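The data below hold one chain only, encoded as structure tokens and taken in the form predicted alone.
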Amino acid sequence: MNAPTHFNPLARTLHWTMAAMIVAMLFVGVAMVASISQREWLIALHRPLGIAILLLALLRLGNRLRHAPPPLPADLPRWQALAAHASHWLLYALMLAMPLLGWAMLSAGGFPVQMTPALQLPPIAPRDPLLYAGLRSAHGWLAYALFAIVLAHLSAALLHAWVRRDGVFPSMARGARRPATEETPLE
């Protein structure tokens, strides 16, 4: 069986959808810290967006485990291939950890995780002010780490697209081209 040359359609859809959501989430998080007057509606947006990212990350991880991604170019230096694999798995870990940390932080602080007016998530951590403080600090530091990894991932993608032109970027940007078929002439 030949190795795939492109990510499958679900992987591409989830990748670009989640990229937009994660970038939006990072800016919402910064705005929440910087603005008191806008804080309430930003929090109302931040919580359901975080849970949506968690659910999509689980779906994406399942898809990734079921469908092998296309191989990296054979001429890619070994250290770059290792860095690519490590950064991808680190992104998965952060996409799962960040929403869970936020949810646990709110649970420890005694704050409800309100998704909609009718839907409130149950607490996942005991109410404890010290635990809340520790989780809040971890959530903030991991947000910086996520921002740094996203920038590194974007830089690598642009390097592949504009400098190396080795097919890595198109493998996520679009599907494989279909082979030309011969049309049967009408009689």
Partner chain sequence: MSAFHSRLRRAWPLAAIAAIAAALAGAFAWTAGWVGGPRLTAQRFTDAIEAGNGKAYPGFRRAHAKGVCVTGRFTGSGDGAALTRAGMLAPGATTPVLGRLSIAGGDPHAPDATARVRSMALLLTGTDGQQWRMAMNNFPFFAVNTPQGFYDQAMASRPDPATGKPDPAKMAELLRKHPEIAKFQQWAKTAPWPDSWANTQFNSVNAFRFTDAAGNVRSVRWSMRPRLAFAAMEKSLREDAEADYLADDLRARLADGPLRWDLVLTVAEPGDAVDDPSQAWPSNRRQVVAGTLELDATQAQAGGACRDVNYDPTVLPDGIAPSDDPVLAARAGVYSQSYNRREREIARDQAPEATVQGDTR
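Only a predicted model underlies this, so the values are computations on that prediction, with no experimental measurement involved. Residue numbers count along the first chain shown, from 1.
The same protein also has a form predicted in complex with its partner chain, omitted here; what follows describes it.
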item: Candidate spot Phe27, Phe111 and Pro129, all three touching its partner chain in the predicted complex (heavy atom, 4.5 Å); value: yes
item: Partner proximity in the predicted complex: Arg136 to its partner chain, non-hydrogen atom cutoff 4.5 Å; value: yes
item: Ala31 within 4.5 Å of its partner chain in the predicted complex, heavy atoms; value: yes
item: Touches its partner chain in the predicted complex: Leu61 (any heavy atom, 4.5 Å); value: no
item: Its partner chain contact in the predicted complex: Arg39, any heavy atom under 4.5 Å; value: yes
item: Residues within stretch 69 to 97 having a non-hydrogen atom within 4.5 Å of its partner chain in the predicted complex; value: none
